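Listed next as structure tokens is one chain, alone, in the form predicted on its own.
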Amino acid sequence: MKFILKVLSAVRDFVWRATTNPVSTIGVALATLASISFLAIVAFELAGVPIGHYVGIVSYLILPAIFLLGLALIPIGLRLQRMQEQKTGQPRRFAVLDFNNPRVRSVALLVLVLTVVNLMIVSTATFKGVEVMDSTQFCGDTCHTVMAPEFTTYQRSPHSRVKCTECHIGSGANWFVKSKLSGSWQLVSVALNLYPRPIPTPVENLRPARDTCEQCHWPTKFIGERLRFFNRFAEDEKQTEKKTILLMKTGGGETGRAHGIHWHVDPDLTIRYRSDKSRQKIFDIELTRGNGKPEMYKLDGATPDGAEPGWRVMDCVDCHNRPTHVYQMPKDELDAVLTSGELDKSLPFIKREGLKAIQQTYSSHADAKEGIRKALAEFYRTNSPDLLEKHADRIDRAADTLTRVYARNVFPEMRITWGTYPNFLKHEPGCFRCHDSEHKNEQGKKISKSCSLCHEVLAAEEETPEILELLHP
């Protein structure tokens, strides 16, 4: 009991000493309030109470910062108090550590306990802070306007169950530190409204695909041929459906044996190129087979001044440049919702009018919702008044679908519209950046533009393709 009373007496003396100066008083108040709040939130989380990512940001980023600030202010205040005492002529005193003195032992134990508690708080906050900053919600929800386009496309992508950091950072402390330093400037940019609109694709800062994509995907695995079906709907009254069927020569294979599309990532090959900053225009291409002599292909025989300095080694993202954040074109989106039945194709001219409506310029998603609904209603009021009167609910549902199509591809606040971010998995500006029959070597040999290198066309916009009858007799 006496020992406890001595410890409490030491605590009282420390608090009295620490609160004799306004600076250290503020430090004690900040550290105490922040630590109590932090420990309370941790206790709630351990008890199974769910906390949102905003509470996580406050508890594991903001509160620890306030706690550390408070701890830093305490010795600063004590030092200021000591300097004030010296000015008034009081003699300078130094602490005497005599552990034979029970009071000194009590103070030492108090310092030890507080140090352990402080270390526990700081280490827990550091661990949980990193966890919060690496969460998908932190990346997508924290900066609503800035990250809304990327988060929206992420949620409907094939990688929607993969954490952002696994692709954008990957493993290793080096890239983790780089990402946090970059994130610090991004935080300043958002706070001071310095970020560009639209956000440019950071192609020059991306980590090589072999360190990220290839940790899950296996580019040299032999895949062979795959069938791809594309449903296209005409802009006529009945949305006449036509099918295109391709046999994709994905290929792949072991070193020196790869063929098909994935021939480009054969480990026995090295493909380098020089391009403009956006990588949409490729000028020089260098192909090296094994230990052989490099083959150089140039566009028009010369490298223009617009080429970026240095060479880039081709990898997955040079074709799969938008594996997650995919912004579709309007016709492709309407074909998709017509195929799935989300958009009622029995409505006359719904594709044609839908395309007109979603390609108008709107100031916001709310404005787009009103404008699309108004455009459809006006069209059917003029051309099919009976349909509007009897089936207004169907037209309203179509307007809702078109609004969703618009909202997941166009973001007026960020100046993102149809085609702002091109997809290199298409002919233009994808394959034809190199396969254009214009890049040639010194002997005049050209890079082929033949589509059969990558696929065979089994049906081209046919209503009843013969191949389907063979597949589904």
Ligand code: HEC
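Predicted, not measured: the structure shown is a model, and the values here were computed from it. Residues carry their position along the shown sequence, with the first being 1.
The same protein has a further form, the form predicted together with this ligand, not shown here; the description that follows concerns it.
Enquirer: Please name which of the stretches 382-390, 348-356, 262-270, 187-195 has residues with heavy atoms lying within 4.5 Å of this ligand in the predicted bound form.
Expert: Of the options given, it is 262-270.
Enquirer: Does this ligand get within 4.5 angstroms of any non-hydrogen atom of R79 in the predicted bound form?
Expert: Judged by the heavy-atom cut-off of 4.5 Å, R79 is well away from this ligand in the predicted bound form.
Enquirer: Would E214 show up as a contact with this ligand in the predicted bound form if we use heavy atoms at 4.5 Å?
Expert: It does: once this ligand is placed as it appears in the predicted bound form, E214 has a heavy atom within 4.5 Å of it.
Enquirer: Although the partner isn't part of this model, could you tell me whether R415 comes within 4.5 Å of this ligand in the predicted bound form, counting any heavy atom of the residue?
Expert: Contact with this ligand, no.
Enquirer: In the predicted bound form, does F44 come within 4.5 Å of this ligand, counting heavy atoms only?
Expert: No, no contact at 4.5 Å.
Enquirer: Which residue, A234, A336, L287, L71, is the contact with this ligand in the predicted bound form, using a 4.5 Å heavy atom cutoff?
Expert: Looking at the other structure, the residue within range turns out to be L287.
Enquirer: Tell me, out of I62, A407, I447, L39, which residue has a non-hydrogen atom within 4.5 angstroms of this ligand in the predicted bound form.
Expert: Filtering the options by heavy-atom distance leaves I447.
Enquirer: Out of 217-233, which residues reach within 4.5 Å of this ligand in the predicted bound form, heavy atoms considered?
Expert: Residues within 4.5 Å: H217, P219, F222, R226, R228, F230, R232.
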